[in-house]
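Taking the form predicted on its own, here's one chain by itself in structure tokens.
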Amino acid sequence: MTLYALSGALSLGLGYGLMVLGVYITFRILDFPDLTVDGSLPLGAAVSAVLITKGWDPFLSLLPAAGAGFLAGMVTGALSTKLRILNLLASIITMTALYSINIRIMGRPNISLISLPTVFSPLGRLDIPTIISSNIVFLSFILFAVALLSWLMRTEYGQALVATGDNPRMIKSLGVNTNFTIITGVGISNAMVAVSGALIAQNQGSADVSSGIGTIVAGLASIVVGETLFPSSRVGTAIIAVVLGSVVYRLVIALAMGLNLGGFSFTASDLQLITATLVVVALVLPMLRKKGAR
């Protein structure tokens, strides 16, 4: 693997780190399988890109993007809790609707941000290489998100969030409104995913309506890899572990794409196959460890 490919994989891992944290909230903390992220990631990219083309500051454009993602997550949560639609089906309904909404927001399938200011532009003016400046910006957002999420988990609301995922009947008997917790929890998750989409769009120079395809698979793969390599029962440590899992996942993908075995090499079309194989290996490893220990 070349140094450029390594830096690119690290940048992607950090860029999608916010998305992985969002998926972690629903998948692990709330125990709420949520496919909305496949639509909320391009939603954040679309909102941010449109605002930048209208002259908004790139940093300020992240706030409406986060708000749009939060609303999308709330819709999924409301469909599940208020209308009693199966959570997986509710998220599929929202994800499907978001495809049309994203095109409506952009007015076309994609928007170019080439030559427009982005959150990466200030470091670019300091003659810092693009790949390094991207990693610095992504890492800054990741550190802020990890600190914010770790603090949130220590609050009363955060404890209610964890308890709702662990034992909703028990926490409901203590007077906690689990419907509110689920709706806002899924909203926070998709807000983080939307910000991730906005940052990635600004880094890549375009927002595309199809950029969210496979987001949930990549998110789950990163979580499984992170939990397998860095197991921990503490929420704070687990949050850091899933971010590291996102980086490791992208590094493994880059390594696999660079392999050349006797004339055979992987192509971009093999990405989903590599991801599926990686998830299976990561899921099987803990079981093998337990058998070895016994």
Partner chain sequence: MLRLEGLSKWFAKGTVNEVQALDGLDLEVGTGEFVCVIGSNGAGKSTLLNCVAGTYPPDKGRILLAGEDIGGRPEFKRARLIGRVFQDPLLGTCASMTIEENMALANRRGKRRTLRPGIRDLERERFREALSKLGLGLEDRLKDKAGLLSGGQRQALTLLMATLVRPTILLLDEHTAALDPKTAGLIMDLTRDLVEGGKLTTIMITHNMQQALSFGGRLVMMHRGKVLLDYSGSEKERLTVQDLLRHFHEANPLIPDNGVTDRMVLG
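Every value quoted in this text rests on a predicted model; they were computed, and no experiment measured them. Positions refer to the first chain, counted from 1.
The discussion below concerns the form predicted together with its partner chain, not included here.
Although the partner is absent from this view, residue 260 stays clear of its partner chain in the model of the complex, with no non-hydrogen atom inside 4.5 angstroms. Using a 4.5 angstroms limit between non-hydrogen atoms, residue 152 touches its partner chain in the model of the complex. Although the partner is absent here, residue 144 is not a contact residue: none of its heavy atoms lies within 4.5 angstroms of its partner chain in the model of the complex. Taking the partner from elsewhere, residue 267 is found to have every heavy atom lying beyond 4.5 Å of its partner chain in the model of the complex. This chain lacks the partner; the member of 105, 85, 162, 93 within 4.5 angstroms of its partner chain in the model of the complex by a non-hydrogen atom is 162.
Checked against its partner chain in the model of the complex, the candidates 121, 100, 167, 210 yield a single residue with a heavy atom inside 4.5 Å, and that residue is 167. Per the 4.5 Å heavy atom criterion, its partner chain in the model of the complex is contacted by stretch 154 to 162, the sole one of 131 to 139, 154 to 162, 68 to 76, 216 to 224. Contacts between 168 to 191 and its partner chain, taken as any heavy atom within 4.5 Å in the model of the complex, involve 169, 170, 171, 172, 173, 174, 175, 176, 177.
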